[in-house]
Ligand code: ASP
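A lone chain, given as structure tokens: the form predicted alone.
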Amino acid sequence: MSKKILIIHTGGTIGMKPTDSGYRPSPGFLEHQLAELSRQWGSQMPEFEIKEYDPLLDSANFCPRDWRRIAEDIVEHYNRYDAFLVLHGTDTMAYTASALAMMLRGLNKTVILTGSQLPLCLRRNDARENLITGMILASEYLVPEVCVLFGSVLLRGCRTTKVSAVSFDAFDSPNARPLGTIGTHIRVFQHRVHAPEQASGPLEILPLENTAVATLRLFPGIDARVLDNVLQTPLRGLVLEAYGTGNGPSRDTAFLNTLRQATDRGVVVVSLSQCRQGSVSLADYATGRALMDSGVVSGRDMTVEAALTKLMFLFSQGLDTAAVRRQIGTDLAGELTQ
């Protein structure tokens, strides 16, 4: 029996058209293109309906209330559709995928985010392939988690980061193997896919509110005053992009004292690695232990996108600082390697 898909069109390059001021969203354009595809495919076309946002958004304008809107639309239509394809701009797609993975509890249907580097209206584009492949995956496979489909890979959403502004393989999952590969054949590695959640009730949205969090990348010679400015109230959480396995300037007492003062007053500082691959282990080197002794906690092998949205999510649950620090190292949605 054919599955019925809801396509949630939030905006992004995939449905844009060129204007004098650059590419802009074009309302109704995507629906027209899909109608053309339906005429070409005939009975091969999966059954679908489109929910197009008004206004359509460039993903650079996304914020947590937009994540909430997508989650609410999935929940509202959950019993009417078998799978969900979310069309989204590439710039912040990894943040949205990470947020939705945290927010949706009791998910046992496929949710795929996709978009494109070039708009569908151009003669040569990646939009058509991503759209068609996304529809096939949603209609023919069960992948009951939030995923990103782009180019040649299907990735776990909360392990995903954008790695290229020019390649059709724009996304990668540096510390987690893909859930599927796209070539002459579509292959889904079911042993890597989460089992459907056994929820006692309906699909639930857990809160994720806009929270004062930030990220700071270490560099040689960083001034403690820069760190101090970033850590000022109302900041509640900081993702510190450290060196290697979580190392920092252990000889800079002003820097370490600034960190300690912030963590003592309740700011949660999470250490991630600037390296694309690998995990933070603060106890490996004296330069990492100095951060740990200053109250910094390890984010292990999370992406920056997952760590930032996880901080927002944990604070939104009403947890105190100690609980947030503990939960950073607990896998909630597949964002950490077990």
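Quantities reported herein were computed from a predicted structural model and do not represent experimental measurements. From 1 onward, residues are counted along the sequence shown.
Keep in mind that the form predicted in complex with the ligand is missing from the display, and what follows is about it.
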Seminar exercise, completed: Of 134 to 142, 225 to 233, 205 to 213, 88 to 96, the segment with heavy atoms within 4.5 Å of the ligand in the predicted complex is residues 88 to 96
Exercise. Is every one of T245, S273 and D284 in contact with the ligand in the predicted complex, taking contact as a heavy atom within 4.5 Å?
Worked result: no
Exercise. Which residue, S59, S298, S26, S294, has a heavy atom that falls within 4.5 Å of the ligand in the predicted complex?
Worked result: S59
Exercise. Is S116 close enough to the ligand in the predicted complex to count, meaning some heavy atom within 4.5 Å?
Worked result: yes
Problem set entry | L314: touches the ligand in the predicted complex, heavy atom cutoff 4.5 angstroms | no
Problem set entry | Within 4.5 Å of the ligand in the predicted complex: residues from 275 to 300 (heavy atom criterion) | none
